[in-house]
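Take a look at this single chain in structure tokens; it is the form predicted alone.
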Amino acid sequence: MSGELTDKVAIVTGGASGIGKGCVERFVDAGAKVVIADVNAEAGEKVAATLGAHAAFKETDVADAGSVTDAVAFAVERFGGLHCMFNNAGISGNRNDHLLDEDFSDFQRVMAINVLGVAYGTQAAARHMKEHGGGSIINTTSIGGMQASRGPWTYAMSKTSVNMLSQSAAIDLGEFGIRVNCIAPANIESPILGNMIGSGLSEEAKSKMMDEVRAFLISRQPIQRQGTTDDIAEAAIFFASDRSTYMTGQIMCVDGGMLTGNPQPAGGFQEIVARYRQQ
């Protein structure tokens, strides 16, 4: 919807690449002024330069509370306010399928970025929004934090924590007109999955592997196509806009129905049932 975010100011953490970059671009298209908050200064400056006066880059380490607070202050100074905080930055961490093989060597780093980064962003934005009529806070979680499975252990724990943090914050901040909601992506065309499962591979090998992984994932979701950053951006624009003013504490799955269930035949189960029905 063109112009839906006109007069709104947003911060998107992790906005220099992947889902964050796609959302920054769509936010600007919808009329918002956007601060791209990211540790990657080169990529962030490049994105901001392509988007003109309605975008600005602020180097931000979400694992540092002061850095996040500075990003909020920058948005207010540069664009005159803050109406939406999209805590999107996150990392995958290591992947070990078996708990007995996991050494949790990256636990502190993953939790610092994926959980504390969201907590810092929620708090810093809410402190401003409380005094300025409220606003919308959007946190990126994952269906990996909503459905038990083997590994990646630390990543799943971090995203489960984001869900509880967000819903608790929604309860705490509602009286100030601040909404807190989550988007849970799955099988989106972004670098994070490849980084998680393809570490140590050549780029060519990683690319071939990811083609197979994507095809496998698509086969296990009701909507059988690859998800895109635009799919996430549509959800983010909805939560950032006035269309969602009566929604808080919600987790919106943008996953092609993956969490709902696998559409593939049940294989052995169906074969057993069919055999007995034929008797």
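One-based numbering along the sequence shown. Every value quoted in this text rests on a predicted model; they were computed, and no experiment measured them.
Below: the form predicted in complex with a small molecule, not depicted.
In summary, among the residues 115, 188, 157, 169, the only one with a non-hydrogen atom within 4.5 Å of the small molecule in the predicted bound form is 188.
Taking 251, 30, 56, 63 one by one, only a single residue has any non-hydrogen atom within 4.5 Å of the small molecule in the predicted bound form, and it is 63. When the small molecule is considered in the predicted bound form, residue 11 lies well away from it, no heavy atom lying within 4.5 Å. When contacts are judged by a 4.5 Å heavy atom cut-off, residue 142 counts as touching the small molecule in the predicted bound form. Contact between residue 19 and the small molecule in the predicted bound form is found at the 4.5 Å heavy atom cutoff.
At a distance threshold of 4.5 angstroms between non-hydrogen atoms, residue 40 is in contact with the small molecule in the predicted bound form.
Only one segment in the set 69 to 77, 130 to 138, 202 to 210, 90 to 98 has any non-hydrogen atom within 4.5 angstroms of the small molecule in the predicted bound form, and it is 90 to 98.
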